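Take a look at this one chain, the form predicted on its own, written out in structure tokens.
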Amino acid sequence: MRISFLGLGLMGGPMAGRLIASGHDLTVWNRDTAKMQPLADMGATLAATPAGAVAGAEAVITMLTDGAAVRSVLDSMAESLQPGTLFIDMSSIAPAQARRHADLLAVRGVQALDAPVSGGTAGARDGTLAIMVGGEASAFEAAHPVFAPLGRAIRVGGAGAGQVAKLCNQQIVAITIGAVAEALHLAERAGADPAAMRAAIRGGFAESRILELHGARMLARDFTPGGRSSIQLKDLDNILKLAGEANAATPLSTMMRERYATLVQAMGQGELDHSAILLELEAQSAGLSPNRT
């Protein structure tokens, strides 16, 4: 397929690379033009503008920071989208924004899917992403050749439903990262070897990908971003907004939102991986006696 890919960040770059490797004809655009060169070396066509990128495309993928960025790019290229084009937004944005984008594009005869992903940079590189898709069933079927090189795609409902599923995913991620960080922190403060504790509980009921991957990052104190803390905070803000609209109680998400707000806003660590929530715990404990009861 002739595919345009807009947004070549930590996730978008390797995803675009997989599409090229699978044989698609790819045109790419990114605000930071330096990020386009590795894709050009793989055979992608470079575009100077979003409108230029999408001209003649059968499918257009956006992988951008937030809903405002998606809308800005969408407004700049909407005139260049031809009827019948498939628009796939793989960014993580609010469900209401995704529904508005779908309505806007429907007027132009463009089918829209919201298809946020989970799996981090490793999943983007290896083509093992979990892809949560909202939109019409016919558009989802048409998108199969696009999704296949990227991971496992499941349609979860109409427009916006993919973003709802992603927020549910991010709820679990944030809360579980918080639990893993607390357990490692408690083990160290209470006199156990946190690495040995983690090894001892692996395979039991506490096992998870987060204990495996993020736990290892915490032990190594390697907070190189796979998923930035600032993005986790953005997702938690969207979770709480959706929860308010749905009249759903989310006490654990509310607590984790406050902790990430401290890490990102008060401590200035928004560019670190979201496993850096461990640093927020350490800051909390800094004034406590190790044996305080």
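All values derive from a computational prediction rather than experimental measurement. Throughout, we count residues from 1 along the sequence that is shown. Throughout, rigid core stands for the largest set of C-alpha atoms superposing within 1.5 Å between the two forms.
This protein has a second form, the form predicted together with another copy of the chain, left out of what is shown; the following refers to that one.
Engineer: Counting only non-hydrogen atoms and a 4.5 angstroms cut-off, does residue 256 reach another copy of the chain in the model of the complex?
Structural biologist: Residue 256: contacts another copy of the chain in the model of the complex.
Engineer: With a cut-off of 4.5 Å between heavy atoms, is residue 179 one of the residues that contacts another copy of the chain in the model of the complex?
Structural biologist: Contact check for residue 179: yes, within 4.5 Å of another copy of the chain in the model of the complex.
Engineer: Residue 132 near another copy of the chain in the model of the complex, any heavy atom under 4.5 Å?
Structural biologist: Looking in the model of the complex, residue contacts with another copy of the chain include residue 132, since a heavy atom lies within 4.5 Å.
Engineer: Is residue 100 close enough to touch another copy of the chain in the model of the complex, meaning at least one heavy atom pair within 4.5 Å?
Structural biologist: Outside the cut-off, so no.
Engineer: Though another copy of the chain is not shown, can you say which of 108, 125, 71, 152 has a heavy atom within 4.5 Å of it in the model of the complex?
Structural biologist: The residue in contact is 152.
Engineer: Find the only residue in 142, 94, 173, 78 having a heavy atom within 4.5 Å of another copy of the chain in the model of the complex.
Structural biologist: Contact with another copy of the chain in the model of the complex is made by 173 alone.
Engineer: Just one stretch in 82-90, 157-165, 142-150, 100-108 has heavy atoms within 4.5 Å of another copy of the chain in the model of the complex, so which one is it?
Structural biologist: It is 157-165 that comes within 4.5 Å of the partner.
Engineer: Which of the residues spanning 205-238 lie within 4.5 Å of another copy of the chain in the model of the complex, based on heavy atoms?
Structural biologist: Contacts from 205-238: 205, 206, 207, 208, 209, 210, 211, 213.
Engineer: Do you see a C-alpha shift of 2 Å or more at residue 282 between the shown form and the other one, with the core held fixed?
Structural biologist: Shift at residue 282: 2 Å or more after core fit.
Engineer: Quick one: core overlaid, is residue 80 moving 2 Å or more at the Cα between the shown form and the other one?
Structural biologist: Not so; residue 80 is displaced by less than 2 Å.
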